[in-house]
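One chain comes next, on its own, written out as structure tokens in the form predicted alone.
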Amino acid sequence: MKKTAVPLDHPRRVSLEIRERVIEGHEKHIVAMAGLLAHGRGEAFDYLIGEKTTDQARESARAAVAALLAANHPVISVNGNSCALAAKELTVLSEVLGAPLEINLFYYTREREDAISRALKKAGAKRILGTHDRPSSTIPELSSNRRKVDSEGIAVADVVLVPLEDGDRTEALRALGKLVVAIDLNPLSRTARHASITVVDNIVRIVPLMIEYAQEMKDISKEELKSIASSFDNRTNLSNCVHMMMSHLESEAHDWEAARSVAQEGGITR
């Protein structure tokens, strides 16, 4: 399928280009069919925060980076959508944090694993965990394909970054005593609610910012990093995100009411 060129002056250019990356990922067998639906759901929530990185997201991203830098064995989990949207950025973040990338898929096929592995290597990844030829163990609380984890990766990790994750595995990882950092545009999802730290933002915007934070914070002592991470209250974070979305909707509704009043005064009806 030929990639559609989005005009530079199109008002939805950025959103459409991101969408094209997911579609291209599906065509390359990186993204599962269900991943297309998941992206659409996330896009809807992105509208609710104004399609921008909020101060709340910046605060949570900083706490997330602190937790990952303070970890003894941090790991970044990669699925199809996160690979399609941020393979290069996740690879750079992996290098700065010293956190290996691990492939973990709900809709597993060898074809998808190989496609994601190729994409990560093309992005510069030197070490990729979670492939079929590596030692593995299972998460006993799960019955899906995501129960399989790398014996030298998520299985022994103390902090796991799970961008665009499934809620059941987030909950299972927490039950195993791991600190889980999630990137999820939906503050109401099970992933967001069960994670230790949830960054409510679009992965294409927030991972580059996390790289900046990691570079700025990498020389901070582990004690201070742990203090930053432990002082973060995820329930308050999610509550603030929901209120922020509600405020954005109220503002939009107010603008529509104002526009309607102006139109009515001018004798225009819609």
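None of these values were measured; they are calculated from a predicted model. Note that residue numbering follows the sequence shown and begins at 1.
One more form of this protein, predicted together with a small molecule, exists but is not displayed; see below.
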{"query": "Options 67-75, 195-203, 119-127, 94-102; stretch whose heavy atom lies within 4.5 Å of the small molecule in the model of the complex", "finding": "195-203"}
{"query": "Arg146, heavy atom within 4.5 angstroms of the small molecule in the model of the complex", "finding": "yes"}
{"query": "Non-hydrogen atom contact Ala157 with the small molecule in the model of the complex at 4.5 angstroms", "finding": "no"}
{"query": "The small molecule contact in the model of the complex: Arg112, any heavy atom under 4.5 Å", "finding": "yes"}
{"query": "Contact test in the model of the complex: Gly153 vs the small molecule, heavy atoms, 4.5 Å", "finding": "no"}
{"query": "Residue among Ile139, Leu164, Ala87, Leu179 with a heavy atom within 4.5 Å of the small molecule in the model of the complex", "finding": "Leu164"}
{"query": "Of Ala57, Ala32, Ala214, Ala229, the one that lies within 4.5 Å of the small molecule in the model of the complex (heavy atoms)", "finding": "Ala32"}
